[in-house]
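A single chain, nothing else alongside it, follows as structure tokens in the form predicted on its own.
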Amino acid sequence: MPSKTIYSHRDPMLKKRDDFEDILEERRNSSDLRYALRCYTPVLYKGVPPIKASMLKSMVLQSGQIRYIISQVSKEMGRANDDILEEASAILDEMAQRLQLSTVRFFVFTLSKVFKILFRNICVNEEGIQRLQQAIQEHPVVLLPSHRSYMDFLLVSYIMYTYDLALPVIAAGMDFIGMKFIGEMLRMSGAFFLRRSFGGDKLYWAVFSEYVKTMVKNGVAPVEFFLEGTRSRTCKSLTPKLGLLNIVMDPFLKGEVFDISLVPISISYERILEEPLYARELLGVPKPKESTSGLFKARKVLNEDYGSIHVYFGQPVSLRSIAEGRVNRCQFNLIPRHIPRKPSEEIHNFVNDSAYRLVRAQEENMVLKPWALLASLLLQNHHQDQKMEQTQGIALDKLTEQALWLRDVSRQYGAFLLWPDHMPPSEIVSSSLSLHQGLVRISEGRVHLPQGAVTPEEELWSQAVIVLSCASYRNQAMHIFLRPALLASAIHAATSNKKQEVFNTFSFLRNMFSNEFILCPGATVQDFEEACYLLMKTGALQASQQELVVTEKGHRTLAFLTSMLDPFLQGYQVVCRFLCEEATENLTEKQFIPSIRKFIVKLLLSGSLRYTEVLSFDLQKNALAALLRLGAVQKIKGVLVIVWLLKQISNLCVCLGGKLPTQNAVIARL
């Protein structure tokens, strides 16, 4: 049965996770053609056969909502209803999926060949598959995978075919339509396409939402989309987008289905195919346009080793259960269901809270590889070297010792860490370094990040690509250390060890970084208590009713945790500095990124800033979003207007540098 709880605070060490099975093992020992052509008999929703594409289109165009919107648009534009209906039909033809098993079989055959070349293993939790199989038979299912690579939606469909599960229909960006042949093949594999933005196009929005809702209501197939909206270039979870989640919840909220099962899926890559591409995009290099020729040019990746993938199908979450006591569905009886209405504040808060908790559920089941820990340690050592103006790196045996220490800490924090205890630690470290040899150099028994460009500016940009690539792997572990790191930074910045002052500082930092990390709304006290618990559990902190005291043993842990958060603190501080020192009166949002990047390059080349991670477009964008949310800056007709006095922003800049403000807040309890 679907679970009611999405995420709750408890000892993370007690969380039981499923075992994995490598689905490539059988593929390496049998015929790919026979596998692609095998008998495929998926279990269906309530045993009802799938609706044909033509019938689905007819159901959408004849629905009450579409007829109502056509009437409205016709009056507004002074056009005949039949013209608007024809336009709606064309929109539907552009977006609709046309799932065909023959095309799926072709992809399965091709992907089997490609996956065996690229990856050592593709591991899936079979218990999760069994739970999903049960859920598909009982209620409409919505699949919510994490999104780190283009490979994600191919992987999920491949796994569903492998286990004889109903193939999903997948929300995809319109960009893919432009790919000759490939776009139509994706459509025939279950992809349905949406524009990146609808603007004020009421008809398009109505057709799209009704199309998705019709597939959900009738159990046409599991509906799959990415809560984060786009691939995360940083490998941190992105702030969830609510549009599609609102749409798929609507049939339940209006009483058109009894329940809907929401299934978070966590996809963990040991090495990401787009690794160097992401780092360059974060530095301002435009994303290559999706094209068939680009796909063929990318075939050089077939010469590389990308390690293993772990796909974890989480516990299906019952929408009915999580809405109980939170949502009054009677409000939907007040007006006819076919009339579109803006979600009430109650519905918006419920959808937003659910989205955050579903992304947290994805994070909890992400499998960490040793390289995520090694990347964290190597980056901290690299930053320390820069501070000391040296490039000596770290001794391999010392790196191994630190990795073992961090392994134990992360396990106590509840990390889903895949560390093979039967192998010697030195062998595990060497294997990880070998897999990521493009990001590290080993010479004379010492490990360091590569260097060697001709000019200081060339050196800066080449180093930034390496550092941002390493940071993306460190970010895979960020959700494990985030709350303790916020607390460690709060303890470091607070002027006393009084619990209330530390909590106030923690609350300030958490609020500031709520665009940067997944921090559930309204859970400040819960996060503070969890952070205190984890630091106390590992012996790093002692707590009384009034005070928090760092133990002798805890200094090493807190030094590591504050260093994890330091690049983000420095980045936000630099954005504040830029607004104080360099921002012009007519600075537009479009000008902000190139202007601040130029400012950061100047600081890095002068040696007054040591974190090249601050060059990341993502960090700069999130810092600006935080200042807009806090009201320090406003956006008026595209121009960024500084609302706070420069003195206030300057004070915030100082706060992020170490001295944080004390503010009135609720008293946390342990």
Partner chain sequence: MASSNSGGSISDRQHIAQQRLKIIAGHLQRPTDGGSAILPSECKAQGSKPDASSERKTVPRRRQEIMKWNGWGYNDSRFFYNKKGQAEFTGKRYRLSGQIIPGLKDWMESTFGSSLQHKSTATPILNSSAVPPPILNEAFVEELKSTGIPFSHEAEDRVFRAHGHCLHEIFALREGKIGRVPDMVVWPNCHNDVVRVVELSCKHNVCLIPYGGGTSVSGALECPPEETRSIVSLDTSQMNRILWIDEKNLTAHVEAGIVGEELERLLNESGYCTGHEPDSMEFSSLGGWVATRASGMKKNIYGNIEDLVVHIKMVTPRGVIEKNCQVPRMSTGPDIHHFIMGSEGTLGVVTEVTMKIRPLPEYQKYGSVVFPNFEQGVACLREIARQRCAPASIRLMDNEQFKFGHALKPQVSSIFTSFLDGLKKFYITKFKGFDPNRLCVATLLFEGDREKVLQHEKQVYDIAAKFGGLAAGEDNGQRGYMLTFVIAYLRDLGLDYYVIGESFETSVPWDRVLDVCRNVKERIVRECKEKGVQFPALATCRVTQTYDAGACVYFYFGFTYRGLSDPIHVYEEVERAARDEILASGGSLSHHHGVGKLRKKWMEETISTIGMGMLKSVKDYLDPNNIFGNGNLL
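Since the structure is predicted, the reported quantities are computational estimates derived from the model, not experimental observations. Positions refer to the first chain, counted from 1.
The discussion below concerns the form predicted in complex with its partner chain, not included here.
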| property | result |
| --- | --- |
| Of 254, 79, 326, 446, the one that lies within 4.5 Å of its partner chain in the predicted bound form (heavy atoms) | 254 |
| Its partner chain: the contacting residue among 413, 306, 332, 193 in the predicted bound form [heavy atom, 4.5 Å] | 332 |
| Listed range touching its partner chain, judged in the predicted bound form by heavy atoms within 4.5 Å, from 594 to 602, 145 to 153, 274 to 282, 332 to 340 | 332 to 340 |
| Proximity of residue 139 to its partner chain in the predicted bound form, heavy atoms at 4.5 Å | yes |
| 4.5 angstroms heavy atom contact with its partner chain in the predicted bound form for residue 553 | no |
| In the predicted bound form, residue 320 touching its partner chain (heavy atom, 4.5 Å) | yes |
| Partner contact for residue 259 in the predicted bound form: its partner chain, 4.5 angstroms, heavy atom | yes |
| Its partner chain in the predicted bound form - contacting residues of 42 to 61, heavy atom within 4.5 Å | 46 |
